[in-house]
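Only one chain is shown below, in structure tokens, and it's the form predicted on its own.
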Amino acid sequence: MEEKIGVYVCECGPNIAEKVDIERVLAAVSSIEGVAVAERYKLLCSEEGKKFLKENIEKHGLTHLVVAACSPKQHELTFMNVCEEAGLNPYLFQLANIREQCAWIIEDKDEATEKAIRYVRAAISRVRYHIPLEKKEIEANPDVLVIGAGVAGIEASLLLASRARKVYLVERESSIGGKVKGFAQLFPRMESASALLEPKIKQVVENKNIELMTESEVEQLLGFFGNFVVTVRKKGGEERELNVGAVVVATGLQEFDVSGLPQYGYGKVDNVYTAGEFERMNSPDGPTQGKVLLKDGRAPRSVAIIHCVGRQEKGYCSRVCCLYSLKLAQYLKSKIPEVQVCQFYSDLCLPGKPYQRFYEETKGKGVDFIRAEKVEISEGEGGVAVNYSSESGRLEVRNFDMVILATAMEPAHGSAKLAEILNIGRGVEGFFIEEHEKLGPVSTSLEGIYIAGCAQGPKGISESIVQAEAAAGKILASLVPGRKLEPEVKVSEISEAFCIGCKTCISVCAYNAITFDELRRISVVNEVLCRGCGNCAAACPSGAARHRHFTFRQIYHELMETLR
């Protein structure tokens, strides 16, 4: 069939038209072999522009299309959809970015025009070697697995469960609610924790579309987005296999183990507690029925709260420790109005207006704040001695009846094992890492697996709920009951003739999309799992691995024109 390439330059309002001589660009490329038409249009991404483009594809019987406009991130998909509507395979299209890479960064109009000409020529040279790729569809299971039944896991489950979607909520403990169920009050409004949590727990238990699996842990995950097979083991040896389309990881966190830091006297000096222990001890259903008592049964007259315990050892700030320390101070003052409360801190983390007000309220209740370094706890005269270095550098000591240690937050037990099972990454701190801090804050490197709450890092309850909502939103938008999924088309492939069986491609594949066929001694790509990152094609020493739509020939011809 005769090659007919259509070239269209978008003026993008004044963005391109004022900085690039579009007529010179058209004149330079219109005589290139195979170019059937070269025209300009004021705004190709507009409804009128898309209609113009569609009509021109049909009118001229174009076999290939080049659009010179903006970034592919912004409108590549827009123009590919136009191609489909006009009956042209969307992969026989190439977008040349002459806005961000020419008009917006080069002051001299002649220079910007010359570069634009090279880019459009490169696109024409490349598009000749494009191959018409075909989209595929696969069946998808809308059901979801949620790992962890704390605040984030509960919120995600309630949002996702429906008549058309079942949610499996897996929790390794015997009850649900996570860390919050042990709290008496929540900052900054000091409302009841049970008032927030109990109604949600009741909704989970009563929801017929949520299957709660307590004392259970995930043992294995196979498959891909839309079609995961999960093995869950319940305490006692009992195994269950689940079929789901997506996974939400909401495993929460744990308190830093302060027993390894002898300077705090934990476990050796009476009436020294971690913040978590204090919360549990004084919750309404705790051992003291909500009363603040010392070991000998008396109410404390003075309490020290030590900030940042374990921060230096962990290497990061846990963000909410300062806030729950303020909460504990207000809680103490509400229970024992005459108690003296003193907070020893090195830094204060108060992110946002409501938390600054919370701090001011706490100070207003008569709570003292002392900036201190090198805090050590020992037995004192009739109580607990807090030895510290003041801001002036002087060593000082104060005695208290009780000391509460605000410990750092760290990843939940078993996070490393779970990351390996799910094939998702963890940051240097050990928390599950998101795909992108800004663009994919709840996504992971493996499509279909999302993270929410403190599994991603230390945060408060409101932030955990927001992340749970975001993770649920991603699933609701992409895993619609009854709708099939379209896997990536621009994937890698491995030539059986050239593969030498070195397995280099397997070691660099981030998506577990490549396996080794022991019988044929070659690597094989699972096209459904492949996301088209191109790592294997770049690393393959024999050239057997290739990336569809980014072949050597396509890239070579594009580069040669760019460098002219």
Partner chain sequence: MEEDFMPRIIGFLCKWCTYAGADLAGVSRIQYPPSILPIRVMCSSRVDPLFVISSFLRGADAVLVAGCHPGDCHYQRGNYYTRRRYAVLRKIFEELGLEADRLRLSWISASEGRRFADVITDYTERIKKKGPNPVKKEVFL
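Here, rigid core means the biggest group of C-alpha atoms that superpose within 1.5 Å across both forms. Residue numbers count along the first chain shown, from 1. On a predicted model such as this, the values are computed, not experimentally measured, just so you know.
Another form, the form predicted in complex with its partner chain, is not on view; read the next lines as being about it.
Using a 4.5 angstroms limit between non-hydrogen atoms, residue 104 touches its partner chain in the predicted bound form. Contact check for residue 32: every heavy atom lies farther than 4.5 Å from its partner chain in the predicted bound form. Contact annotation for residue 71: at least one heavy atom lies within 4.5 Å of its partner chain in the predicted bound form. At least one heavy atom of residue 111 is located within 4.5 Å of its partner chain in the predicted bound form. Site residues 435, 445 and 559 are all in contact with its partner chain in the predicted bound form, judged by any heavy atom within 4.5 Å.
Only one segment in the set 46-54, 60-68, 532-540, 24-32 has residues whose heavy atoms sit within 4.5 Å of its partner chain in the predicted bound form; it is 532-540. Checking 255, 217, 401, 76 against its partner chain in the predicted bound form, a heavy atom within 4.5 Å turns up for just one residue: 76.
Here is the short version: of 115, 165, 130, 233, the single residue with a heavy atom within 4.5 Å of its partner chain in the predicted bound form is 115. Counting a residue when any of its non-hydrogen atoms is within 4.5 Å of its partner chain in the predicted bound form, the hits in 541-564 run 547, 550, 551, 552, 555, 556, 558, 559, 560, 562, 563, 564.
Comparing the forms between this form and the one not shown on their rigid core, the Cα displacement of residue 120 reaches 2 Å or more. If you fit the rigid core between this form and the one not shown, you'll see the Cα of residue 99 move by 2 angstroms or more. Relative to the superposed core, residue 109 shifts its CA atom by 2 Å or more between this form and the one not shown.
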